[in-house]
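Quick heads-up: it's one chain on its own, the form predicted alone, in C-alpha cells.
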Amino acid sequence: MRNAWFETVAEAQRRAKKSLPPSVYMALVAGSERGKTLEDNIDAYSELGFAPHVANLAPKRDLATTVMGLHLDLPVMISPTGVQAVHPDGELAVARAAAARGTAIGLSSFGSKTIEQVVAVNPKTFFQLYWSGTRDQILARVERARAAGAAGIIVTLDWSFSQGRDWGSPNIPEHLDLRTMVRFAPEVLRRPRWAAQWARSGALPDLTTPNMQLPGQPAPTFFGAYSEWMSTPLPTWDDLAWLRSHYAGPLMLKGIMRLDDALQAVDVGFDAISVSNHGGNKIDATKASVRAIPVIAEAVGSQVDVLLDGGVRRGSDVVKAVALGAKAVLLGRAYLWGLAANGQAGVENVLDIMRSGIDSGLLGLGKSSVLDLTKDDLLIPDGFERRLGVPAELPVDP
C-alpha cells in the first residue's frame, strides 16, 4: 500500500490529479483566460529571497498569531471554497483538520455542508458571504451564521472575471440524475478509488448549497445560487457600510488588490481585509496578491488585520507573506489537494507542511516568533511591488 503521507503540496496535487475525475480536478484548478494571474500568484514568491543566519539562532520558535481577536496556532487559515465534491466528508473533514491543528476555517456560502455542522466541529469558523439576493436575504444569512456560533463573517467581493479559459472549462453538472451519471461514468470508472469513497459513504456528491437555502424552500443547486449572485446588483461602499451597521461581530472584506480600496474598507469599519485575486479567478493579468501586500499593510496594517490569499504552497511562502505585512494567509487549493489525496488526514498533512516550513524559515532568519518578521528579512528585487490605487497625497517610496 502506498504511504498515505506526502512531503509537499506538489505531491498532494499530483495525487489529487490521479485520484479525481478530470472534470472535478479541473474545477479545482480553475483560473481565468490565459492563466497569467494563476501562474503569477505562485511564481511571485520565488522572486523573494532569504539570507539565513548560522549562529545565535532561536532554540524555540512561536508560530502563533491572532486574527480579529481569534488565537491561531500558526498564521495559516483555511480559505472558503465552494462545493467540495472531492471527498464525501467535504468541509467537515477540513474543519476537523483545522481544529486539530489549532486554526480557523472559512466556510463558503456555496459550501456543501451547513454552517451549523461546521461550527459544531470547529468553533473557529468564519462564514463567507457573497453579495447575493436582497438585503433581507443577506441579513438572514448573516443572522443564521451568528446564531450558529460563527466567529465572524468574510465578505467576498473578488470575482470579477472572464468566463473563458484557454485550456477549457470543466463540465460541471447541475444535478446528479441518471442521465448525468451515465454521461460522467467513463470519467468516474477511471478513478475507482474516488468512486469507492463515495460508495462507502452511501451518498452521491452534493451539488446543492445548503447555506443559501431560504426558509421553507429546498437548498438551491450551485448554479441556482450562482445565478442569484450574478443577477444581484453590485454592492456599493454604502451597501457595505449598511452591512457593518447591522453586524457587530468580526467582519473581513476579501478581495482587496488596491490601496484605495483598502482605505475605503477601513473607513467603512471592517476589522480585517484579505488581499486576494480569488486564486487567479479575477480578470487575468491582475497582479499576484503577494505583490500587493507591502503597500497595503504599510498603510492600514495598524488599523485592520491584513491577510493574504493566493498562491501559497509552502511554509516559506507564509514566512514571506508575513514578513511583507500579512497577519496570516488563507490556503485554498493547497488544502483541497490534501483533501483529495487523503481526506482529513491529508488536510492535516498540508497544515503540517506549512508549520514545518514556517518553523524552518524562522530558524534560519534567527527569529523566535512570526510576529518578529519584517521586510528586512527578505531579499526583494526592484519592481516586485506593483503599486496601484495609491492616492496622490500619500508618499510612496521609490
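Numbers follow the displayed sequence, beginning with 1. Remember, it's a predicted structure, so these values are computed and weren't measured experimentally.
In what follows, reference is made to the form predicted together with a small molecule, a form of this protein that is not presented.
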item	value
4.5 angstroms heavy atom contact with the small molecule in the model of the complex for Gly82	yes
4.5 Å heavy atom contact, Ser112 and the small molecule in the model of the complex	no
Contact test in the model of the complex: Ser108 vs the small molecule, heavy atoms, 4.5 Å	yes
Touches the small molecule in the model of the complex: Tyr130 (any heavy atom, 4.5 Å)	yes
Partner-facing stretch of 135 to 143, 265 to 273, 324 to 332, 112 to 120, counted where any non-hydrogen atom is within 4.5 angstroms of the small molecule in the model of the complex	324 to 332
Heavy atom within 4.5 Å of the small molecule in the model of the complex - residue from Lys254, Lys282, His87, Lys320	Lys254
Sole residue of Arg291, Lys124, Arg313, Arg96 within 4.5 Å of the small molecule in the model of the complex, by heavy atom	Arg313
